[in-house]
Ligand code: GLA
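This document opens with one chain alone, in structure tokens, the form predicted on its own.
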Amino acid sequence: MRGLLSAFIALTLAAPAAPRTAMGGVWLFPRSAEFPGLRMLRLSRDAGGWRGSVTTDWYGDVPMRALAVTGGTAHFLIDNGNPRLPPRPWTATIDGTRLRVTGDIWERHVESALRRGTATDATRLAFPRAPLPAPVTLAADGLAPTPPMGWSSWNRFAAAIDDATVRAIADHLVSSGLRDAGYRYVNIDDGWQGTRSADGAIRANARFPNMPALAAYVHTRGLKLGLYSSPGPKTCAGFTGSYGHVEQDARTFAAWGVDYLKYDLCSGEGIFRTAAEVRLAYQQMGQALRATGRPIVYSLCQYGRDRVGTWGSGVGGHLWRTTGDIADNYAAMAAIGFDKDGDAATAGPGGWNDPDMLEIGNGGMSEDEYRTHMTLWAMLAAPLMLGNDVRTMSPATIALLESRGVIAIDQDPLGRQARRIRKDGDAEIWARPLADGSVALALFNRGTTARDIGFTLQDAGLARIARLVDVWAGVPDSPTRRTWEIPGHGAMLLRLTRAP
């Protein structure tokens, strides 16, 4: 979950925090433009001295280096994620009940593009310890036999989403033909939550006056409704999370008619201290959703840590994020799609690697770059969740999103994720076996200028080719052709039928 939100995430719950020194503890950052993607700071002191780390969306827990604490001030260095750039100096100072932090923070995924942070406050997290379940392995339930397809609100609307917008999005998914192309889920991300009633039941905020009625509206259009929550007390945007109410929230979601849940770690990072606890927190919701008896697709969002593909299905998940959040620029999309695509061996029918939502149509990339985006996600057997405003799509955007040949590769029932076969400088060749015995082959140009890229029969794993189709054009080409000119940041997608 990303966001440039100004609200502080103040988590002050009933039980007192354990005794600590003035600076010690877990501190939660607000969402701010000065520190994008920054979540949490931890400081603790033991017999060996002070230790600390900073948690970011993009790099997880980053240890503090050269940490020195004097009184109420800490000085330390933080790596910016680029090995060619030096660590950046930060300072944290107690300021009343908050920790005032200054320093440099990096722009996500863009090498050497540092954003100077001015100052921001972190609020100390205090929490009671809610029980976690004993570890179990949940059996497959038959949901998500192919990667889920639909729309999600966050990339375009962030937390500024409401009932009327969701209804209009549902209408346009139908009228544009995208529903019939396979985009069936209408997912409300962060920002729908209100407070809890006296009995603890979660309520939607005033922008969503009747969630069951909204679900019914979506269902009557042949679509399904998704919601968002967190295993922590607060979501990434500072709304009410499911901590301490997991089973109760699952029952509420089912009663409302929800068909999909994205579960974002967010403030849970300050509560679940070990990888094992995080797994159990996700298992708890997985069990709770199963117990409702309603089929609900379960999306795990813990940023690809702890080899999530090896245990995601076992806690009830049907898809799991492999990375931090995407952004609407080629560098961010390419860094995720090419380099943080998850372990192909752990994905397949019922459980998918999720490189995050699509940015196509949001305006930050060229048509060639968006074609690469869609091609890469289809080759990865990735969930296809639209992140744009479908009410204002251009014909070019619709053509990219509803290409039946590309979608057929993404939704191929064999469910085998593509692998990088060969890399030659900026040229990459990826291959994916398909259920009918054919092969999807993608030629990518990661450079900025056009170049010829060719493949061999060995790249495709075929002895002979009977038929070669240019998938984006939707037309066959000569089965003997091997080379194409690919524009900068562009892609060619081929479907190759093996000869008998």
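Note that the coordinates shown come from a computational prediction; the quantities given were computed from them, not determined experimentally. Numbers follow the displayed sequence, beginning with 1.
Form predicted in complex with this ligand: not shown, discussed below.
- Stretch-level contact analysis of 300-308, 162-170, 271-279, 404-412 against this ligand in the model of the complex, using heavy atoms and a 4.5 Å limit, identifies 300-308.
- With the partner omitted from this view, the residue of Cys236, Ile336, Leu386, Ala382 that lies near this ligand in the model of the complex is Cys236 [heavy atom within 4.5 Å].
- Checked against this ligand in the model of the complex, the residues Lys262, Arg179, Lys224, Arg124 give one hit for a heavy atom within 4.5 Å, which is Lys262.
- Site residues Arg321, Asp325 and Met357 are all in contact with this ligand in the model of the complex, judged by any heavy atom within 4.5 Å.
- Contact check for Trp151: no non-hydrogen atom falls within 4.5 Å of this ligand in the model of the complex.
- In the model of the complex, this ligand stays beyond 4.5 Å of every heavy atom belonging to Phe253.
- Contact annotation: Arg432 falls outside 4.5 Å of this ligand in the model of the complex, judged by heavy atom distances.
- Proximity of Tyr228 to this ligand in the model of the complex: non-hydrogen atoms within 4.5 Å are present.
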